[in-house]
Structures are given as structure tokens and as C-alpha cells.
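Here you get one chain, nothing else, as C-alpha cells; it is the form predicted on its own.
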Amino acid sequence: MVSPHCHFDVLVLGGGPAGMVSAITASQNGLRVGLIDEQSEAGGQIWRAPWASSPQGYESPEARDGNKMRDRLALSSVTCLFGRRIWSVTDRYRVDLLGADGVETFQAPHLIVALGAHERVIPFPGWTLPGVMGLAAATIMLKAHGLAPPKDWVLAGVGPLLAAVAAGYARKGHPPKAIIDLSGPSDWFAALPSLASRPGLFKQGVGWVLSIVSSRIPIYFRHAIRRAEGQDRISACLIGPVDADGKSIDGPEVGIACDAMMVGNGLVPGGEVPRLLGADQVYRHELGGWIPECDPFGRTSLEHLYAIGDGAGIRGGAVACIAGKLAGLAAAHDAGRIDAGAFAHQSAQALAEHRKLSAFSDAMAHMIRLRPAQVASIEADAVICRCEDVTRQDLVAAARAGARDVNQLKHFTRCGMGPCQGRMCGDVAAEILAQEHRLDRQAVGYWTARPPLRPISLQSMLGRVDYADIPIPKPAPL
């Protein structure tokens, strides 16, 4: 157990690509760094480490890159605080954690937030059935555990992760029964020029396509899930055509028997910590939603608070690494460890590389963006907030009863008040509210962030308590 009195110059929240690179960069420039992550190893979703008990885990290029970075981290002076759940962050950058040894608290004058993103699922009737899971879960099964899905499974959603998951499982001999892609061939062709600017990724993408084609996986372009069917678990799904904006249109529907479905419609930035601390926010549709306002080095509106990686806008792993380097350098400069000349010299190449990668990251972000027309097509009985069992028609009724921002919507319906604190439902719920009042997303706002940031039990906070441990004051004199 690391002593809570251990002094750090900077704490880094999140051990994905952005967090790892920022921690290493800051430590190389003279800062005492603590890197905090809930997982047992660094890597995040992109560089997720295979479990030691899963030797058959899929060895992807990302896993190899992650192993190299984990080796660099192990050789650095960074103090790694793994297996800790962050449940509160307060002024002066005090971070409260819950780990195997109970509650811990650390504090530092600089805080780098690199907590990544969470997946977006556009709800449909039946998406809460057992057997329906997100693409993030699919990648964890594939990368970390090497687990195979059931025999008859389908893959649905949008973006390059569809191809990556399909190809990964196809190489393991477990291809999906069908791929339901919201995009059309023209969307993929439009992205080719930007993809060609990244030869390594282009080659990887070609490999995905060859795996899918050789496995003869049917692909339903410009289609989306209409509903999932089943009693105790999913047994079939109904799909239908959509237009270029994702809106359901007339056309033949197709039923597919399946016992599992993996679905994902892009990513939403995980910006709870900057919001909790009061950093200025801006809604950027093309970057996934609400993000903290930052300069090129990740500096937010709050002094010595930096936000980087997908939590500051969906840009992908390569850009996250560069953002990590820039934030690490900025923290070292702001702490007085490197002078202005050294800071400018060391950051110049990273800034140039960031500009170079922007075309590709923008193209991928555009492909996985939220499509308002798809949200408008959600059926009335579809559950939006699965924690509190709130449907679309419940949200519409609340809007018509006077709810005009998302926090009023929460008060009216309890949407966003469950264990996920609105991470899974917030983006779609806000879009429904904005459409109902014909407002832009900036006008309906965002959930008020509050601790605990992640679900924790009172027992884990209090530890083992006996009545004998409770101090009982002496009786007051008569």
C-alpha cells in the first residue's frame, strides 16, 4: 500500500494511452508523478493487457504497442496506483480512492485527467435483454480474455470498431452471423483519403476487410436494429434500413435468429471530473459531446488542471498519445521544471504531429458521431435509462410537462440517477429533450456532476465496524 502522505507534484487519472504518456513525460522532466487507474495494469481500452490466465488472448497490434508502453512505464519513476476506484475529486486536487486496502486519499498541485470515453448505444426495444452487450465489452472479451461469443451472434452499430471486432473474432474462428452497419459503402470510401495518411492503420484496415470477406460474413449497410426479441435472453433481432442520417425509412425488414448481440454507436467523452471541479465546458458534436475547454496542451480554465485523451474529445489513440506528451510537458513547465525555451522546443514536434493526424481523427470522429435523426427514430417504448427503467415516452412526457434542461429532466423522471450516473443514457436523453423543444444541445445543458463518481458501497467505505467500536458518551448530569 502506498502511503497517503507520499508527496506528488502531479496526479494522473487514467492509465490509457494519454495517461501513460503524460505520466512518463512529466516524470522525465523532473516531476514526482502518481498514476491512478481502476484496472490492475495500465493500457486502457485501446492498449488493454491480456489477463495472465488468458494466454490465448488475441495478440493485436494495439496489445503489442501497449506492452512496449507498459515496459517504459515500469522503467520510469512514476508511482503506479492500480486497482483503485476514483470516487471523488475536490478542490486543490484531492483525489479520494477506494482500493483493496480500503479508502485512500492523495493530493497534488497539478492534476491531469485522462479518463477516456464510454460507449454510446442508441436504445431500441429489447436492448436490455441478457445477451445484448456493448462493443466495449466485446473488445474486452477479445483482447483481455480471449473468450469466444456464442455461436449465433450479430454485430451492430457504426465505425471502425465494427470491423475490428468482426475481424478479430473471425481470426479466432468465431465470426459474427451478420454485421449491421449504420454507415454505407460511400461513407467508408469518403474516409479512405484520410485513412491513407496513416499507412499502418490503412494496412490494418485492409487486413480487417480481408478477414471479413474471407469469412463470408453478410453485411447489411445502412441498416440498424429495430428491436431485439426474446424472453429470458435475446433470441432474435429485427433490422431495417436507414437513410444517410440514420433515420429509419420504409423498406424490407430482416429477422435474424441470434443468441447474442454486440452493439455500439460511437463514444461519449468521459468528462465527469473536469465538470465536477467546475471547469468551463463546451458542446462539440463532432468530438462526441460535452468536453472541457482546453488549449493545445490540455490546460483547462482551472489553473493546473489538464484534460486529455478521449475524455477531452474523441480523437483516437494516436492523438491521445500526443496529447499526453503535450500535457506532461505543460505540467513540467507550469511547475517550473523546464523553462520556456525547452518547453517550446520539446513541444514543437508534438504539435506538428497533432496537426498531421487531425484529418484522420476528424474523419473517424465524423463516422461515429451522434446522428440526431437516429435518436428521433427511437420507439416510444424503448428504455433510455436502464438503471431507472425510463422510456422515451417518459422523457417526452416530462419535456411537455415543462422540463427544459437535463437536470430538470432528471428531477421529473429519475433518468440519470442510477449507478451509471447518466453515463449510458445522458447523451441520448439530452438529444431527445433538445429535439422536443427544438433547442440546440448547448441550451439543454449537461448533468450536474457529483460524487461518488462511481458506485461504491458504504461497507467498503466504513470497513468492519462493531458496536463496541462506537463511542458512547457518558450520561449528562441531572
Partner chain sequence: MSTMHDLIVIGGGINGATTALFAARGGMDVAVIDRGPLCREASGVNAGTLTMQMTRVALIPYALRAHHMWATAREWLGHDVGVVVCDGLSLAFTEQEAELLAFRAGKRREAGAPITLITGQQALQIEPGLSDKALLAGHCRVDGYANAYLTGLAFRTALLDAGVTLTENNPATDILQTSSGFEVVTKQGPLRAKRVVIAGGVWIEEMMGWLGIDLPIKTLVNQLAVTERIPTAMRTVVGIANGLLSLKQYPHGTVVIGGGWQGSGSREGGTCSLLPERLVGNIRLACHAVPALKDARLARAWTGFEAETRDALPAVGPVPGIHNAYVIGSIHSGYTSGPYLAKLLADQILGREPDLPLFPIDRLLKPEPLAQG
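Positions refer to the first chain, counted from 1. Since the model is a prediction, treat every value here as computed from it, not as a measurement. Rigid core (definition): largest C-alpha set, two forms, superposition within 1.5 Å.
The same protein also exists as the form predicted together with the partner chain; that form is not shown, yet it is the one meant from here on.
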With a 4.5 Å heavy atom cut-off to the partner chain in the predicted complex, the contacting stretch among 322-330, 176-184, 395-403, 357-365 is 395-403
Is residue 63 one of the residues lying within 4.5 Å of the partner chain in the predicted complex, judged by heavy atom distances? no
Answer yes if any heavy atom of residue 419 is within 4.5 Å of a heavy atom of the partner chain in the predicted complex; otherwise answer no. yes
Residue 451, heavy atom within 4.5 angstroms of the partner chain in the predicted complex: yes
Would residue 203 show up as a contact with the partner chain in the predicted complex if we use heavy atoms at 4.5 Å? no
Contact test, all of 88, 414 and 474, partner the partner chain in the predicted complex, heavy atom 4.5 Å: yes
Answer key: of 248, 346, 408, 107, within 4.5 Å of the partner chain in the predicted complex (heavy atoms) is 408
Flag for residue 470, CA shift 2 Å or larger between the shown form and the other one after aligning core: yes
